[in-house]
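Only one chain is shown below, in structure tokens, and it's the form predicted on its own.
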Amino acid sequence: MAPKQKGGGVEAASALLRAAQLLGRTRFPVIGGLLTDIDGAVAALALAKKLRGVIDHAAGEELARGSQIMRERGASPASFGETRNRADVIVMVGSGPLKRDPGLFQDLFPEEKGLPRPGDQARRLILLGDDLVNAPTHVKLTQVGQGGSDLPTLIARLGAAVAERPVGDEGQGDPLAQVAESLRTAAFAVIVYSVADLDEPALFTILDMVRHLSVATRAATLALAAPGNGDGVNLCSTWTCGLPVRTSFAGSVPEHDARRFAASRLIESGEADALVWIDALAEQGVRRPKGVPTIVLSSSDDAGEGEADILIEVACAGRDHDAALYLPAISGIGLVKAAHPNQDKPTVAAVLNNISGLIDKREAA
């Protein structure tokens, strides 16, 4: 059974000491998961730099894909508040955004009257895809099914229609032609999607649509935030070392590579020799890579003692203690007050800083 920290005392000190001893012997560790608040991310970055290791977030693949698309094609993003208050036509791509945020319809289409909007047409929601959804009764919804094809094909066909390059035998009766016309005549159209649900060609098509529409009207995109405070950790990494997650500190300067420094690849290839996995947000369904000695910092009661060499219980950010987290509603970092304050468990930042200090003492000795 892995040594487990429960609050203070001898057992907690032993777990921290064993963690410091394990990490002090590593050559190339990965600090992964990173489901934590900004303070935890700052401490994780400092520890990765000290150990000359790598940082990667559990949503690293989604974050990397979004960053790559933006680098290669640029983007015209809208904030959540701007979409809610100003957009008159909202296109939701698939049901992925709604699965990630079940309250998305209510947030984007509040019943109360908001700020003045451009244009004179009533707000409307267009859903691309076959999945059945329950929109609020006050939302004007148009759904365009896939017609036997997959969602990326539907997106490609809409992109062609927006550029007035229809494919096949579509005519004015084609629902995609009608959607394209709605987008072209909108005062402010926003396409909402989840990066995790779409491949690169589909994402490129969405950005091309927005670019084409912006010649004559206003259009933008709203990509849902990555789970587990992924956007917050990514921002923290960028302002700390100038690079997003999936960055290595093994060289004289930090190096970012979205493929080489993916935690799962490093562990599967045998390049990494230890893993510190952080989940202080009690996320469901997040699986950590296995195959190397592992230290787990978890706020979940069912973290699984036998699956880690060292398991340290930590406080849940935003539940047990106040936390700075990325808040989609403001498209930035905000303070979340503790829902149920609990000082019995240490924060991620406190644990990582303690381990770092013990490593320094070990090296000095």
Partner chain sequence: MLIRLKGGRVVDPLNDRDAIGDVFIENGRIVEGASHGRKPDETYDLTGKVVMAGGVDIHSHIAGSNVTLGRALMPELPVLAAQGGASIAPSPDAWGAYATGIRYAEMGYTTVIEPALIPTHAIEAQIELASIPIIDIGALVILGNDDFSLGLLRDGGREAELQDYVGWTLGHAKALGLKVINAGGSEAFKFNARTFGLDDVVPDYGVTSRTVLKVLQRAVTELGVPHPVHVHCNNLGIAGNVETAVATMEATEGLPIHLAHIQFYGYGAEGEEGLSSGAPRLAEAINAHRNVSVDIGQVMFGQTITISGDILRQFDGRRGAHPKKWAIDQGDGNGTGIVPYQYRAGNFANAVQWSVGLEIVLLAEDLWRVLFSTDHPNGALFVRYPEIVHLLMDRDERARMLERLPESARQVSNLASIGRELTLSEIAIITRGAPARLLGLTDRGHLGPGAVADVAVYTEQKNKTAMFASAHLLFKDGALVVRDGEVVNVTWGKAYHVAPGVDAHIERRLAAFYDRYYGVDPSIFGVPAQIAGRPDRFATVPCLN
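Numbering follows the first chain given and starts at 1. These numbers come from a predicted model, not from an experiment.
Keep in mind that the form predicted in complex with its partner chain is missing from the display, and what follows is about it.
Only one of the listed residues (138, 113, 259, 287) places a non-hydrogen atom within 4.5 angstroms of its partner chain in the predicted complex, and that residue is 113. When you look in the predicted complex, the only residue of 238, 121, 106, 146 with a non-hydrogen atom within 4.5 Å of its partner chain is 238. Stretch 329-337 is the contacting one of 329-337, 292-300, 22-30, 51-59, since its residues have non-hydrogen atoms within 4.5 Å of its partner chain in the predicted complex. Residue 250 falls outside the set of residues with a heavy atom inside 4.5 Å of its partner chain in the predicted complex. Interface residue remark: residue 81 is counted as part of the site for its partner chain in the predicted complex, having a heavy atom within 4.5 Å. Residue contact with its partner chain in the predicted complex: residue 164 places no heavy atom within 4.5 Å of it. Under a 4.5 angstroms non-hydrogen atom cutoff, its partner chain in the predicted complex lacks residue 156 among its neighbouring residues.
Within 4.5 angstroms of its partner chain in the predicted complex, the stretch 60-76 places a non-hydrogen atom from each of 70, 71, 72, 73, 74, 75, 76, taken in sequence order.
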